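Only one chain is included here, represented as structure tokens and corresponding to the form predicted on its own.
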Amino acid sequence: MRHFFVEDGQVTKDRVVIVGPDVNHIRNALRMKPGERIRVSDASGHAWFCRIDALLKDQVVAAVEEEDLCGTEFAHRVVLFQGLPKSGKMEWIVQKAVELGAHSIVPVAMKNCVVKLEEKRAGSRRDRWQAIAGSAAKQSGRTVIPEVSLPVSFREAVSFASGLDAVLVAYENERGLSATRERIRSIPEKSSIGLFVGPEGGFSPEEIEECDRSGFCRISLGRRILRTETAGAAALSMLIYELDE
């Protein structure tokens, strides 16, 4: 079933009005017809099953049939702090993180990052990543579109993460999956979780020391060293397996 996002004011008790680029997509790309069912969610994360009533020039009107009470969101709010990778890897990371339930994604400039993103280019890159997050949210049936922030420094990321309920650092030198399982299973229900993943060069010793001083918990992702674009997806999958209902 096709899924679309709308603002809160576009949904009433018995109907939803879709406007913007999705109108052309529904009419001309998908060639949908009146009577077809769609799923719609608003900015608050509520979702409904609807049936298309009318395809107008600048809007699509659909009747609300029932609210989707099952939902698709992870009960925990997971923030992925991703060390900036090179090339187009960040696009893949954003896409998979959204599919795997991340609440938001924070690109982080770390000491061993190969890429040094200039401030004047950061905005356009962020817009591109946010668009990918939106597409991935639609594809995976999310009821919210995760936010991708502008890149921040490592110190800014640590300061932000310190306000979360639990912070995990995927560190290649950490050993022992049994300890990782115990740490993940000890996280209370509906907690906010920070997840740090290093860039291609990994975390610097100084960054790991700063994480330790901040009370963050190192975790292992197994015996093998994973690429940066794999590590976040692997860690998110572990969280889903242990904590999702």
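Remember, predicted model here, so these are calculated numbers, not experimental data. All residue numbers are counted from 1 along the displayed sequence.
The same protein also exists as the form predicted in complex with ligand SAH; that form is not shown, yet it is the one meant from here on.
Of the heavy atoms in L226, some are within 4.5 Å of ligand SAH in the predicted complex.
Looking at S220, you'd find a heavy atom of it within 4.5 angstroms of ligand SAH in the predicted complex. Taking non-hydrogen atoms only, F216 never approaches ligand SAH to within 4.5 angstroms in the predicted complex.
Mapping the unseen interface onto this chain, I18 falls outside it, with no heavy atom inside 4.5 Å of ligand SAH in the predicted complex. In summary, among the residues G201, P205, P34, G45, the only one with a non-hydrogen atom within 4.5 Å of ligand SAH in the predicted complex is G201. Though ligand SAH is absent from this view, in the predicted complex it lies within 4.5 Å of a heavy atom of just one residue from E172, E73, E99, E91, which is E172.
Looking at 139-147, 125-133, 100-108, 164-172, the stretch with residues near ligand SAH in the predicted complex, meaning non-hydrogen atoms within 4.5 angstroms, turns out to be 164-172.
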